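Only one chain is shown below, in structure tokens, and it's the form predicted on its own.
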């Protein structure tokens, strides 16, 4: 299945009411973002399915400078599941290219990311639809520009849908960084380095169900509630963009 998308990248910023223009430099408690976005403004998202012809399903995602490609293989018989099981197995692997980060060797621990991706996707997949078989998800980060795991997760969900894997709903993921008194949605690498806390939510937008939430750092009750609402609102809008991508791919003429 080949995907196509318009020339203009889609955006999915949460609804935050009237916005103020941000200064070009940091002044007091306000921050100027490296890419010029508002604090509650997400990066433009470019999505495409059918990126890898040899895979059962695949997707490419580009959120600012973060570029990810995901390939899905299966369902196929698993050597680790020789005994009959009513539910299928999901395997996830996340890796980085050697040139993904400007500084070699500064990429995150991929074992942890693979585990977190598995937890984020598992709740959305109807595992009983492929008993005694395995679905393998391979995510490759081509360029690490910040908010890598949310982009990986959203891209993997598209790839699973492209492969025809039965899902309860697509999975969208968004993160927020807290720097001082400011909440920054969809942070880039430079912002993640200086963050005091981080929150990531992965959810199934149509079902209004969260499949994973991770929180690091110290948060007040007010701030964490605000951050959660920002993430959920952005996930809902990102989910609509993902569905639009799948619809365009399904309606595209086959070669």
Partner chain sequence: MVGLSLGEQTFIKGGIDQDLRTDGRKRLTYRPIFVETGIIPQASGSARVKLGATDVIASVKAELGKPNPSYPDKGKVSIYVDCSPTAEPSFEGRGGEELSTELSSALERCLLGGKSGAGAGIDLSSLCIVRGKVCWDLYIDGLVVSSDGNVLDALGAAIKAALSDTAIPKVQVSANAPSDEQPEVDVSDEEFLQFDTSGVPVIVTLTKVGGHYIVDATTEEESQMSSAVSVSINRLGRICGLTKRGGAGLHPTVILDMISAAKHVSEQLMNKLDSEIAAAEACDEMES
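Quantities reported herein were computed from a predicted structural model and do not represent experimental measurements. Numbering follows the first chain given and starts at 1.
Missing here is the form predicted together with its partner chain; even so, the following discussion is about that form.
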Please name which of the stretches 195-203, 34-42, 65-73, 52-60 has residues with heavy atoms lying within 4.5 Å of its partner chain in the model of the complex.
-> 195-203
Evaluate residue 123 for contact with its partner chain in the model of the complex, applying a 4.5 angstroms cut-off between non-hydrogen atoms, and reply yes or no.
-> yes
Do residue 190 and its partner chain share at least one heavy atom pair within 4.5 Å in the model of the complex?
-> no
Does residue 77 reach its partner chain in the model of the complex, with heavy atoms at most 4.5 Å apart?
-> no
Residue 116 within 4.5 Å of its partner chain in the model of the complex, heavy atoms | yes
Note that its partner chain is not shown here; using its position in the model of the complex, name the residues of 223-251 with a heavy atom within 4.5 Å of it, in sequence order.
-> 224, 225, 228, 232
